[in-house]
Structures are given as C-alpha cells and as structure tokens.
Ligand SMILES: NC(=O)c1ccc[n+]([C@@H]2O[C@H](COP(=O)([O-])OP(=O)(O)OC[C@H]3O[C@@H](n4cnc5c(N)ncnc54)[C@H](OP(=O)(O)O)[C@@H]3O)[C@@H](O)[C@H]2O)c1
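Given next, in structure tokens, is a single chain: the form predicted alone.
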C-alpha cells in the first residue's frame, strides 16, 4: 500500500459531491456502456441511493435486496432526497426488484453494497449468476470487502470502492443523503466509460490507482459510527457534545498510531488532515463548532447505518471498522484497547440495549 493520497484519473472536483445534479438527468440516458443493466447487489441505503440515482438518470438498474426493503419499494416506490434540496422519485412499477441474482440478464456493472458480513455469500451468488469477468465494484465500508469478494468469486473482476457520504432511510422507500462527498473506486478501463453517467446522475465517481488510502481516511471517520449508534442521537447532535467527541478522538488516536506503525498514510477526506482530527475533536464545543464548520455540514436527519442496525436488531459492521483497527494494531505491535472495548459494547447491545450519555460512554471506554 503506497503512502500518500492517490491521484484520481479525473482531477476535476465536482462541487460538494454534487447531488444537486439529482435534478439534471439529461446526459446519462444516452450511450449506457454496452446497453446492459447495472446490478445493485444489496439494495440497502447505499445501494438504493446510488442505483436509484443512476436509474433516475436513464440507466437500467436491477435491485437485489432483503424482503423488508423490497416490500417497502413495492409499496412506496423509491424516493431520494438530500441536504442540498434535491428530490427524485421512481414509481414502484419502474423498479426491477429481485430476491436474488439468480436469472438476472448479464449486467454491465455490479455494485456490491451488502453489509460486510454478507460479502462472501453475496460474491459466491454473483459467481453463479453473472458471466466471468463481470466488473464488480465494492461500495462497502472497511478495507477487506473487495478482497473477500474476489476470493469468493475469482472469475469476476472485483474492484474496491468508497462511499464518502451518509445515507439514512427516513421512511419505507425514502432514502436521504445527509452529508457530502465524491464516490471513489479503483481504476478500471470499463469504469472510465461509466464516469460520465455517474456524474450526470449526481453521484460523481473518481478513479484511483490505489483506493486504499481513501478507504483508510474514510474508516477514520467511520470510527464514529459506533459512538453515534451507542449515543442514540442524530449524527450532528452527537458531534456537538464534547464527551462523545472525546470518545471518537480516542478511537482515531489508536487508529493513527496503528497506521503509523504500518507505514500507511490515510487520505484527507475533510477540510482537516487526518492527524489533526483528534485535537480538533477535543476542543471545547464553541471553538469546535467554528473550526469544524465544514465537518458539521450535516443535516438534522443524518444518522449512521450502525445506529439503524442496532435499532432493528441486525448484525453491525463493527468488525469491519473498529475491528480493522484492532487487527492492524496487533499486526504491527501496537494496541487499540478503546476500539476493542467499543466493539464489545456494540456486540453486547442485544442484551443491554440502552443509549449511553457521553459521560457514561467515556467511563465505559476509559477515556
């Protein structure tokens, strides 16, 4: 893994990750690469958002998902909103909804969006259902999913991706982007053909020779997912309470120490360089609010997917986030006890399902 921030193949930086382009669907409908559909493998918040944006802009899309999500889409259609004021709706009758990938027409592109724990089984299903060499982009949290998918489906062309923004399910069939950012993926010639269509759909995609530094940069921010989930609060409200920020700072400190020991330089995904995040998080709230204004460009509806998972009694991605830090630390002779402890608290949630105040969480983590 090469240190430093990788250079995208398309250096133009879209404004605010622009989902303002949600309202501009014109160009994407022409010359879809190969004319074949996009397959969203894992129609959850991320899959419905990216796939819905592409379909609204003219791309044929097939959604494979869980019955709960598919039934909501059948009843309500798909509505996409965002913090920039964009709104897009697709009626239920326009959606190609499937319980599995078996029998799908050969797709031009697969977006792998299942939770990390389902990666191997989803990839194995794809290996049975789609032709060899089909391009699969992992739009999942963590660092290991693309490798896991490639091992489970060696005949497919799996590439790592990164989703920088937060998507929340506000009601059945209604998904809301509450933060900003630009999609990223590992470079591939066939993905370059898709870049204009992603841009026109309001989900610009930048390609990188090495996406791992971006994934680590995103993982540092995602360490807050467990804090947010255990707080029971909306994301912005949680970040404006210093006790919770102190917990996040401790988690990031451990991750940065492990990254230094491994010789890895995470990419900068916010206005703040990664090394500055803990110090800024520890500032008094009045100062933090000013210095982190761009970091706080989060609307009141945003929450983490881990918070949704806990509230619905589903398995979380804690092992792909804090667990990744613990494993990296162990491999390079450091320790990550705060990441270990918060992982234990998340796993214990089914037997102890209660939101913790900032002071309670600090005490539980020893921060």
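Note that this is a predicted model, so its numbers are computed, not measured. Numbering follows the first chain given and starts at 1.
This next part talks about the form predicted in complex with this ligand, which is not shown.
- For the options 61, 342, 325, 43, the one in contact with this ligand in the predicted complex, meaning a heavy atom within 4.5 Å, is 43.
- Think of it this way: in the predicted complex, this ligand has a heavy atom of just one of 239, 163, 220, 249 within 4.5 Å, and the residue is 163.
- With the partner omitted here, the stretch from 80-88, 150-158, 269-277, 112-120 that lies within 4.5 Å of this ligand by heavy atoms in the predicted complex is 112-120.
- Contact check at 4.5 Å (heavy atoms) against this ligand in the predicted complex: none of 52, 108 and 195 pass.
- Using a 4.5 angstroms limit between non-hydrogen atoms, residue 332 is distant from this ligand in the predicted complex.
- Put simply, residue 228 is far from this ligand in the predicted complex: not one heavy atom of it is within 4.5 Å.
- Heavy atoms of residue 69 reach within 4.5 Å of this ligand in the predicted complex, making it an interface residue.
- Contact check for residue 141: a non-hydrogen atom falls within 4.5 Å of this ligand in the predicted complex.
- Heavy atoms closer than or equal to 4.5 Å to this ligand in the predicted complex belong, across 167-197, to one residue only: 167.
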